[in-house]
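Given as structure tokens, the chain that follows is alone and in the form predicted alone.
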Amino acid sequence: MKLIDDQIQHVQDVVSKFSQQNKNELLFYTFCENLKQGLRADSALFFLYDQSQGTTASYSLYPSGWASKPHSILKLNADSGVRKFIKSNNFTLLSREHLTFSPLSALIKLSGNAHSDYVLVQLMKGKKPLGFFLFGFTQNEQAQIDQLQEIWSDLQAIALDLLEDQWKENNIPWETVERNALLKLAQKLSSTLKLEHILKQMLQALLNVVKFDKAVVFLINAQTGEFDYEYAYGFDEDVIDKLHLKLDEGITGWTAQTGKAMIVSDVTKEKRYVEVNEHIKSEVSVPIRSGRKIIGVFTLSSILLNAFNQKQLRMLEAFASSASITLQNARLYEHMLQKRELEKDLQVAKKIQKALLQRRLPQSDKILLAAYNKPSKQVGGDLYNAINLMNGNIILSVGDIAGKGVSGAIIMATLQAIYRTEIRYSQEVNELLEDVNQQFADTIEVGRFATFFHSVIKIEERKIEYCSAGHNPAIVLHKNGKYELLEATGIILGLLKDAKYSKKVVAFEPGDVLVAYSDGVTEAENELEEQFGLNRLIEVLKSAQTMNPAGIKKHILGSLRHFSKNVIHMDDITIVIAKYKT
């Protein structure tokens, strides 16, 4: 996807607007603009809920006067069904025709785009409504709604912090020159969502306000709780590695842990200082906050003693508050980009995996076949094979990798490749499985394994020779209603390189049915956390015995859906069915 390099198209207008807004309105506007660009929306407006004493509850555009095409109707009476409409349509795509007949019909004109469809998202603090966002989209709406739902908890936290700050008294005095410099800097930061560009612009713009020789910005990794070194200014390449500090190291670590800014007038007199450059004489370290949470620290260094003062520190703290919104948005945007790339990769992996599984099952005059495979995620760790041999016999197998998703799919592809190579050679079923196990154990990392059921249907001899590496017992349902369970004949694949497997034989006559499956079938759960189980599967097979394999497959899947109802299957499901024609 093309990265967004220019979010705000009306730069000249925004300069004059900045000079008329207080700090928090500016930050909230910047937040909405970044949100608009990150979601690729046509409009992103916020309406603040107000229920002051003696007044009618209403929603008002906030910050006022920032709409691209201001409209005279800026307040919506909250007692006229607006709140009920918002609550009932959260994260739901609303066509402009729907909105026209709603209590929110004025919003189409206010958004400035009558050709968009809209999403209304309410902002809550506990059970208290604080307002709602209006997002307008002209294309790819559902994808944007899905992204918005995924990151909404993070976005809501940022919005709540900004609105809470609005109601607190801001005691930080701003000098006119510094204030204007910060407003221009906030404008500049809002022109991109590329994290590297933002960090570079931060430090370059700060040089116009505070004189320093070197600087580093650290962001805290939300998953590891440790510093991610993100950007450095003024350092030689040979000292870059020294900048990778831990969260409990140096002045930077102290600032991150305490949330307090710190001026060090002489670094030689500060025990917590970690030397990375011998020329540095003084330093200032400032936390970057998102509400009460510390998301990073930036440190400015000088080759002069006493280079920083308290007035500059107050200004840098105000700047950090402003920059945190842009940094959070950039990280959220980066996360969305990574997710999109991962989804593209998963789609490719899904296509490759489908190619590994057979699209067409072999044809036979005496054996009818059916197969089904559904991963619990986009890709899975189950596999199956149904292959005609030159002598007319049929190979039927099912495997289940320990693990789901991408890692399971990779190991599944490895096992499938090994297995299909081995079946080219004529050998007993147990010998084949021993060779497969040996190669599989050599290939995979320690701790990974697979269960596997391998069988050969010998049509003319009316029997099945099979071997099972710890797999769920396949079922042979005989025409007379009796059944046999084809239990494991050896341990799972990949555990012991020299493992031995024994061959077993079972009769397979006209009218008999063979069903091999993965544990996603028998371990499927319902709302009471009960498992579908082997006994229930056998009963389902008995009730469908007269059907052809396709009908039996459909009956099993229908029974699974009826049993599980609204419970999502947490494991891959694979079923292979062979029936001897009567």
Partner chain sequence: MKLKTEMMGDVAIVKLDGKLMGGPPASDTIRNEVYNLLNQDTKNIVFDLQNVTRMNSSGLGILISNLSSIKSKGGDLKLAALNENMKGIMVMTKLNTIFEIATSAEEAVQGF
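All of these numbers come straight from a predicted model, not from anything done at the bench. Residue numbers count along the first chain shown, from 1.
What follows is about the form predicted in complex with the partner chain, which we do not show.
> How about G250: is it within 4.5 Å of the partner chain in the model of the complex, going by heavy atoms?
Replying inline: Taking the distances in the model of the complex, the answer for G250 is no, it never comes within 4.5 Å of the partner chain.
> Is there a heavy atom of P287 no more than 4.5 Å from a heavy atom of the partner chain in the model of the complex?
Replying inline: Output for P287 is no: heavy atoms all beyond 4.5 Å of the partner chain.
>> So, F308 and the partner chain: in the model of the complex, are they within 4.5 Å at any heavy atom pair?
In response: No, F308 sits far enough from the partner chain in the model of the complex that none of its heavy atoms falls within 4.5 Å.
> Looking in the model of the complex, any heavy atom of G136 within 4.5 Å of the partner chain?
Replying inline: G136 lies outside the contact set for the partner chain.
>> Which residue, S301, N89, N373, T489, is the contact with the partner chain in the model of the complex, using a 4.5 Å heavy atom cutoff?
In response: Exactly one listed residue reaches within 4.5 Å, namely T489.
> Among the candidate residues F227, F449, F508, F319, which is the single one with a non-hydrogen atom no more than 4.5 Å from the partner chain in the model of the complex?
Replying inline: It is F449 that has a heavy atom within 4.5 Å of the partner.
> Is the partner chain in the model of the complex near all of I394, V429 and Q545, within 4.5 Å of a heavy atom of each?
Replying inline: Answer is no for this spot.
> Can you say which of 213 to 221, 363 to 371, 122 to 130, 463 to 471 gets within 4.5 Å of the partner chain in the model of the complex, counting heavy atoms only?
Replying inline: In the other structure, the partner sits against 463 to 471.
> Along 526 to 549, which positions have a non-hydrogen atom within 4.5 Å of the partner chain in the model of the complex?
Replying inline: Those in contact are E529, Q531.
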